[in-house]
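Taking the form predicted on its own, here's one chain by itself in structure tokens.
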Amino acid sequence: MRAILELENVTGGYSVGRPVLHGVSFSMKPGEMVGLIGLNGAGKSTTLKHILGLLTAHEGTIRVGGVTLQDDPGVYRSSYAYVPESPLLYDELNVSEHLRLTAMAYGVGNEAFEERTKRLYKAFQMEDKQRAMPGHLSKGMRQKVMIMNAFLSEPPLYLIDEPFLGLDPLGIRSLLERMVEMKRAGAGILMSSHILSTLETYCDRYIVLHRGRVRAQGELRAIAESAGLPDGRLEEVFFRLVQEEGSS
């Protein structure tokens, strides 16, 4: 099965002379949910920005669905949806117009648009906010709009960065349910979060970044064994890995 996302020896960052990432390599298959974890400054957001094409790798290759951004920008960018840590909305567009804009960008037809938006409004308790402007929404509601836009397009890859910040418990549950639904439909999901207990419950594999390098990757059992904690929980394993690296 072809990987939906591949990073090969990616070195990069904001300055050529001071890279943040050092030879980062990993891949994801369709139908996988992978947790990207690390301390603050480990390179998680920088990794996502390189995948998004917001930063250009100094070395290495990034492919989405076998295509690089340079090969075909249109195909590359239409193959993923992104949920950022902080919601970014257009002040002059209401909630419904944001969703309509996304549908136009991703080529979602009217019938699919109506069916998906109806389901998303209900799932995220936003049915009465369709005409609301961003300035009248709480941060959690703005985050819900970002999430609804991502799941409206139903691409083969989701890139999700700290999605739970500001969400109420029902919003968190709805988001997790949508991720499971998309995973079962064959989408790959790369999610960065500090809530390790949630990642342990939902993710198939993990990538541990530390100081811009892949410290460990694989299923929990594999990374636990590499940390010398064969029966360890994800939180214990993570702390052991980054503490060992920090003391070496």
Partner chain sequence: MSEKRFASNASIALIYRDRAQSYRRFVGQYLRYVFSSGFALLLGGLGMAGWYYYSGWIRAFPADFPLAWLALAALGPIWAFCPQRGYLQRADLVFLLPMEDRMPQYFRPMLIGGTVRQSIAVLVVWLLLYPLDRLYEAERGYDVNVLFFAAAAVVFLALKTTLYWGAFKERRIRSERVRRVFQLVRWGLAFVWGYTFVALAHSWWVLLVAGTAVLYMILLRLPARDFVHWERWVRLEQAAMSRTYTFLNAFVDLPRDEEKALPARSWLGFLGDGLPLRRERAYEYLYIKTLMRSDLLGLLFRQCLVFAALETLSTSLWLKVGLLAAGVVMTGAQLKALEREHVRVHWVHVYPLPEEWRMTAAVSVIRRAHAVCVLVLGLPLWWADAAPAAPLAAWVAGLGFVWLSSWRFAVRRR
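Quick caveat, the model's predicted, so the values are computed rather than measured. Residue numbers count along the first chain shown, from 1.
Separately, the form predicted in complex with the partner chain exists; it is not shown, and the next lines address it.
- Shown alone here, Y82 lies within 4.5 Å of the partner chain in the predicted bound form, counting heavy atoms only.
- At a distance threshold of 4.5 angstroms between non-hydrogen atoms, S78 is in contact with the partner chain in the predicted bound form.
- At the 4.5 Å threshold, heavy atoms of K122 stay clear of the partner chain in the predicted bound form, well away from it.
- Looking at K118, you'd find every heavy atom of it more than 4.5 angstroms from the partner chain in the predicted bound form.
- In terms of contact with the partner chain in the predicted bound form, the residue from E177, D71, D128, E92 that brings a heavy atom within 4.5 Å is E92.
- Interface residues of 106-134, taken as those with a heavy atom within 4.5 Å of the partner chain in the predicted bound form (partner not displayed): Y106, G107, V108, G109, N110, F113, M133, in sequence order.
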